[in-house]
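Given next, in structure tokens, is a single chain: the form predicted on its own.
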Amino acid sequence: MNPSVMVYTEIRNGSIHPVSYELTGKARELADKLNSEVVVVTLFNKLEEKVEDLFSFGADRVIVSQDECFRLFNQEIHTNVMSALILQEQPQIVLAPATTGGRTVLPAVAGTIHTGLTADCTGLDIEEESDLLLQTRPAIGGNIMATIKTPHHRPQMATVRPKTFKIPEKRSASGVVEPFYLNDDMKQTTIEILDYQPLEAGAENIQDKDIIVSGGKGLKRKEGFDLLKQLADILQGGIGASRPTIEAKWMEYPHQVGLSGKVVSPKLYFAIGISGAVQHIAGMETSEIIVSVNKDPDASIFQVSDYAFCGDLYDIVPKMIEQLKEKLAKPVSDKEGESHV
């Protein structure tokens, strides 16, 4: 068996974040090509889920370290533990989410164990002739996609944004849970945590939405988002935005979709007044259905759209809203003659 593919899990408020299941599934694909195993590392103080759930998404082994020192996130302690585990396990590949936690820990780990790190990957694969990890990410301001290899140092390390890969179908599987006990040196830290402020209650995370309505500079004005909010409210969806609208302060940064914002993968994505710059497309192209509205017939967004409307968005979107209201207001009759909305 070749050296393993290791996954660093994201734990938030005592729960395994869905991105950990995404990466475990992708690690399974990579490990199968290498005739290797998937080792998932879980560091926590308290955990609501069972770590055994990770076996259902592709893990062979789950290394668990439960300690009071993980009650609040401390980059230095996580770096100490991950570095020790990598030296112990000698994995060929290490994957982590490109979240605040992963982006903080993995660069420090790479520096500690003297290897490379490719950040914010949008694609991962194995090169057949060399068994090297192919790490694809945007470069030159997002204008090109670069594929990076790490031929001379191990492990090969990469972070991946949430929603880049699909969560695999849950399957019946089992594996080995192994405890990892911390020594005093691993808990040593020069970081003093002064305060912890969780995300405000009710704050919207567009990555969790099944439907997203996004707007771009084609709206012409900040008030254009009021129209998009009407459409999103009808569909119970979230509001997204392109980078230029964020820079113009038409919307707040948490709504930004794209390489410098959030990668999303909803069931339905509306791109309204968005031309389709490569930076934006890379952040939403895995959406199941993409609907675009743009007055430019040559807009790049049309190339990735399932449904494209060429025309003035201020003519098209109000008609969408009107028809949706009419559709949702009508009762639907089933075969037994019963009516329901």
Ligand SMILES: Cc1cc2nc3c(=O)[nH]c(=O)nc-3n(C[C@H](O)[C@H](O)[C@H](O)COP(=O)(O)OP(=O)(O)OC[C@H]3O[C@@H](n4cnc5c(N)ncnc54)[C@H](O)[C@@H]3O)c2cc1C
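Only the largest set of C-alpha atoms that superpose within 1.5 Å between the two forms is called the rigid core. Everything quoted here is computed from the prediction, not taken from an experiment. In case it trips you up, residue 1 is the first one in the sequence shown, and so on.
The same protein also has a form predicted in complex with this ligand, omitted here; what follows describes it.
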{"query": "Answer option from 80, 115, 122, 256, heavy atom within 4.5 Å of this ligand in the model of the complex", "finding": "256"}
{"query": "Interface residue in the model of the complex among 306, 32, 67, 296, criterion: non-hydrogen atom within 4.5 angstroms of this ligand", "finding": "296"}
{"query": "Per-stretch contact check against this ligand in the model of the complex, the hit in 238-246, 153-161, 186-194, 171-179 (non-hydrogen atom, 4.5 angstroms)", "finding": "238-246"}
{"query": "Heavy atom of residue 217 within 4.5 Å of this ligand in the model of the complex", "finding": "yes"}
{"query": "Contact test in the model of the complex: residue 56 vs this ligand, heavy atoms, 4.5 Å", "finding": "no"}
{"query": "Residue 101: touches this ligand in the model of the complex, heavy atom cutoff 4.5 angstroms", "finding": "no"}
{"query": "Residue 49, heavy atom within 4.5 angstroms of this ligand in the model of the complex", "finding": "no"}
{"query": "Contacts with this ligand in the model of the complex, stretch 251-284 (heavy atom within 4.5 Å)", "finding": "256, 257, 258, 259, 260, 261, 273, 274, 275, 276, 277, 279, 280"}
{"query": "CA of residue 227, rigid core aligned, shift of 2 Å or more between this form and the one not shown", "finding": "yes"}
{"query": "Residue 64 C-alpha shift between this form and the one not shown of 2 Å or more, rigid core reference", "finding": "no"}
{"query": "Residue 93: Cα shift of 2 Å or greater between this form and the one not shown (core-aligned)", "finding": "no"}
